[in-house]
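Just so you know, structure 1 and structure 2 below are the same protein chain in two forms, each on its own as structure tokens.
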Structure 1
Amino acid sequence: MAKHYIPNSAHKEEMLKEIGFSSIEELFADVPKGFIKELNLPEGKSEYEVFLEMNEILERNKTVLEMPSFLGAGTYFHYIPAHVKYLIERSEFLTSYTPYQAEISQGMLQALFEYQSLIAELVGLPVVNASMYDWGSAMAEAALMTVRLHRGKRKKFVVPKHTHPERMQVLKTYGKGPGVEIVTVNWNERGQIDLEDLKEKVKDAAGVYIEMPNFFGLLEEEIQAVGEIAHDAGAYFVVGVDPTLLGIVEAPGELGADIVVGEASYFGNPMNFGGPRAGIFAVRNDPKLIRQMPGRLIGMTKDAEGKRAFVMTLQTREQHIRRAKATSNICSNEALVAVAAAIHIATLGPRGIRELGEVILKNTTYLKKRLKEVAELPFDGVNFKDVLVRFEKPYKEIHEHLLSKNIHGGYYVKPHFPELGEAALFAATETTRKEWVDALIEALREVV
């Protein structure tokens, strides 16, 4: 029987005949003998059966709605207003390809232009691409870009030791291509970058990177100083940023960043077990930088009648034109994730962005205050989302106890930073409820 997704299943005979073939096999006549075989796979099932099957599989997940969770560490439970998903699920957006034919893709092009524009306002840099895979790959591409900008004469990329481990790993892999030398800078007793150590290591660096907030959830106070040190050494200054912070904290572009990377999917997109996401990539309006940036750019222009229109632009940097000499191999990006982010940011507006930052900051502060009652805080400072706490007992024990109380504790940090002891990151966002925190503290009291 014909397949429900394949209309011409029903017309094979007729079509073959029309073009003078006698069988499907004939269409595969050029395939060497023995290659064609029956695969060892299950037969197709009805949509209903697969729906049931997938539902049963998914039943084995426990969501943060079913179990208060204090996990953060780079992935956060933000609430996404329902209209965002509703809009990006419209098939004209959802099922379209990269907008190669501008005239029938103005909707997606404009939406991506708006994404670029909204991010530009947040990060304070005027040139933003239409998305990278995620913060980690954007950061790695930024590192490669700083090396390219130095024409390979400088290969050193300086990063804080307390850069997010996930991103650090991506950077290391990407760095192997052009042979980037990754140099780490220590943190000081306040969990902030050690400026003295930085000064020692910055020599001949192609770029210097820092995150806001840092892996410990702290606002790095000396961002501007770091930028100055980088620039003084002739290095580019790359800032990685959680954009939900930018209603209350100064735009990295204003703090001296040449390149800003970050995670756009915190807006508009659910956690989805970590993907898809969308990496922010922004640079100063400097032809030298623009020429070296990776990824797709949407530009505003005119049509043949002088009407405003949008189109993919500066494509000569990209792989489909420049091939081996492209600035990056990126082709498919995370367009729809970016559009979702744009819709969410537009919905929030200036007031909402500020308020969001404030609510997160206040909730984090409440969480921190309560955590102090039961655990040690290795570092003090202003925390945004994540709070680093240290326990005396093995964290595993604490974790198990919390789980038994239907609470998911924080992210265990020891595997990455054993020097911090039995430390974990507990996070809050605007979605965190007082009763969750109170239940957490009560449960912690029972076990610490």
Structure 2
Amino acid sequence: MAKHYIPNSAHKEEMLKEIGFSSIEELFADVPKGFIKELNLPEGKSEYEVFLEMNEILERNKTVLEMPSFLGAGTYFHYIPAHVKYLIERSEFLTSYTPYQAEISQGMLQALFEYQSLIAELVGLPVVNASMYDWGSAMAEAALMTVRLHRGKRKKFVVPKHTHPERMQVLKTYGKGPGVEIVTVNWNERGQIDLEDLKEKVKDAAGVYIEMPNFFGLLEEEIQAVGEIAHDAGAYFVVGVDPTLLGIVEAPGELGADIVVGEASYFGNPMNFGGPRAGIFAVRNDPKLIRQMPGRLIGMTKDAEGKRAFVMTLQTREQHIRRAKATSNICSNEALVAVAAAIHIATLGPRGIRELGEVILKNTTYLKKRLKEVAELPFDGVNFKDVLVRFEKPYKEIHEHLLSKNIHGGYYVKPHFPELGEAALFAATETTRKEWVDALIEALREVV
């Protein structure tokens, strides 16, 4: 049999020596330990034999339909209509690259223009870019943008302490070089942002950030007040939002937000082991803000014959024109994810998006009600998707028991917030079935 698969492990030491390293560990020394795992596939096997071995490994994975999952905290199982995948697999979208040549890219340009228009309606702000990498990068870019808008005279960016930990890591990475000072605001006894603490820390801030919902899954009740405090201090108000919520609450633009960021991939995209994604970035119709926006802007105009046409506009903000002086170093990103989101949003329409939010809220409420029977809820309020619960026993033991019952439990939050004790976030979406929740509670009764 012809061996199309050619393992390189026999040549590994030779290749490492050629580039000046003695081991794989030395080559990837900047990657934290525990994140590098070599497959060490056996040599001398045919491509088909390797395929069978890899297939055995892959069979250990289970889908959320085979193992109900309550693991949320930013990645959720949403249902995607079948036609979304079919449409984005068309070669016009799937193989499209950056539409620098507008005359041959009208289809992709219009799709991105429609994405921008749909997101603008959802978030309540008129100017939206063609997407960022994800929510975290959009949030970090917003922080840098608020500093630029103050011409570097203010470098403080104020965020709730209970901001999503991974987004906080991205913010710290982006802010390190420009010297952005990240200041955190405590939560109060109800798991909401502490307004009094915010008032003490907002002085000389470039921007103030808040999330809808917050990391604990709670809808912040004083978003408008947070915006007023920010504006009174001369800071820009940035709101991060889960867009699947926006059919049942006021849009952040209507609550005073200057900049809105969020995660567009909750529409039209599977979980994909956490990525790729598409970050929402929207601003008020203010030339100062628009000029400082990161990412691409797609505009509608007329061609030489007076026909409707779509183009990349305000490109002088961008890296391919301004290089180091650009507003951001983002260039190509996962625009296909944004197109998928646009198709899904357009499919749902206003009524569908409202109904989606209502079903998620209903399922979250049922999950919360049942969890109260077996665990403590540190905070009360209105939850959307995620519910924070605390146990007396170590959560690792509880999680292992749930796995043995073919249930994937919640997201362990103690490593990020040790003051919360043995706490975890359990999530529900429109896909969560009542029998899954009931099975979860029965399994928890056996161990707590």
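For residue numbers, the reference is structure 1: its sequence is counted from 1. Rigid core (definition): largest C-alpha set, two forms, superposition within 1.5 Å. Since we're looking at a predicted model, the values are computed, not measured.
Asks: Do you reckon the form predicted alone is 1 or 2?
Replies: Note: form predicted alone is structure 2; the other is not.
Asks: Tell me, please, whether between the two structures the C-alpha of Glu25 is shifted by 2 Å or more, with the rigid core used for superposition.
Replies: Yes, because once the rigid core is superposed, the C-alpha of Glu25 moves 2 Å or more between the two structures.
Asks: Superposing on the rigid core, is the Cα displacement of Leu16 between the two structures 2 Å or more?
Replies: Yes, the C-alpha position differs by at least 2 Å between the two structures.
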